[in-house]
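Here's a solo chain for you in C-alpha cells, the form predicted alone.
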Amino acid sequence: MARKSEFSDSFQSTKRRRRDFDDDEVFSAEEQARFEEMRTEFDDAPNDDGPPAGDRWTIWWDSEPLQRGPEPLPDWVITDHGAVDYELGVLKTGKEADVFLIERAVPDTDRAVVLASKRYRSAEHTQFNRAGDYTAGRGAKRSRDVRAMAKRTTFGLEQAAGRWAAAEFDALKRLYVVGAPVPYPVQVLGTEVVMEFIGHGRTAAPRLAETRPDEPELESLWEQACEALRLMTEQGFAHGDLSPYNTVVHEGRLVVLDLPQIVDIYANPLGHDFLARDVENLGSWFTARGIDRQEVDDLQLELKAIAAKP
C-alpha cells in the first residue's frame, strides 16, 4: 500500500507541475500581449502561396534535369526562381491534348518569353482512338503501370497521358539535338510539355496547308521537308501522322509539330508503313502544287534504304 501511495503522490505532483506550466499566470501580461499579437498576425496572413503577379510560379524548377531542354539553353529560356507564368489563352485543340499560349516573365523586368504549353488529357477524355498502333513496341518500365493502363484505372489513365507527354518531349529533344526542324523543348512536367512558340508575337505561324508559296519557295520547302524526314529516319523515327496540317512555315522555315505518336520504326511492326505514309501524305501536297511525282518516289526509296540499316 505504501508503494501505491508513493505512486499516487508522485502522479499528483506531476499533474500539479503540468497544470502550473500550462496556467496563464506563468507568463507576464507583456508576454501574453505579444503572443496574442503573433497569433493575430498568423491568422490574418494570407495562406495563398501563389505569385503576386501572373497565374502561377514558373514550373521550371519543378522538372528534374532530364525533364528540361537540351543544353546549351537558348538565351530566351527563363530559369529564374522568381519567374511567373501568365495564361494567354487556348492556341489549339487536338485529339489528345490542347495547346495553350503562356508568357513566362520575371516581374519588374523586361525579361519575358511567349511559350506553347501542350497539356494532355487523360486517356479517359481523349478522342485519340488508335493509340495501340502507335505505341506498339513501347514498353512501360514497371509492370504495375502496364496493368493499370490495361485496366484503365484512374492511375492507369494518368500514366497513359503522362507517357504521351514524355514521348513527345523525348522525341523533341533527340530531334532538336541533331538539327531537325522542331520547336525547342523547354520542359515536361507530368502531362504538360512546354516548348518554343513558333510564330510572331502571339500569332502562330501558318500551317503549311494554309500557305501559297511561289515556285522558289515551294522548292525550298520541299527540300526542307525531305531533310526533316531524313533526320527523323536516321534517328529511327517515323512521325506517324505527318501532314501539311501539323507542319508550319515560319520566316521561310518549315517546322514539324505534334510528335506524341512518334513511332519507333524498328520496334513497331507497322513502323515502315507509318514512314511510307508520312512521305505520301506530305509529298502529295507538294506534287499537287508542282513538285515532280518522281521526287516523292525517290524519297520513298531513299528513306526505305536508310530504315533498312538500323
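Residues carry their position along the shown sequence, with the first being 1. These numbers were taken from a predicted model, which means no experiment stands behind them.
The following text describes the form predicted in complex with a small molecule, which does not appear among the structures shown.
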Heavy atom within 4.5 Å of the small molecule in the model of the complex - the one residue of 226, 97, 161, 83 that qualifies: 97
Of 204, 231, 189, 88, the one that lies within 4.5 Å of the small molecule in the model of the complex (heavy atoms): 204
Contact segment among 69-77, 103-111, 215-223, 191-199, judged by heavy atoms lying within 4.5 Å of the small molecule in the model of the complex: 191-199
Non-hydrogen atom within 4.5 Å of the small molecule in the model of the complex for each of 92, 183 and 257: yes
Non-hydrogen atom contact residue 167 with the small molecule in the model of the complex at 4.5 angstroms: no
Partner contact for residue 171 in the model of the complex: the small molecule, 4.5 angstroms, heavy atom: no
Distance check, residue 245 to the small molecule in the model of the complex, heavy atom within 4.5 Å: yes
The small molecule contact at residue 175 in the model of the complex, heavy atom, 4.5 Å: no
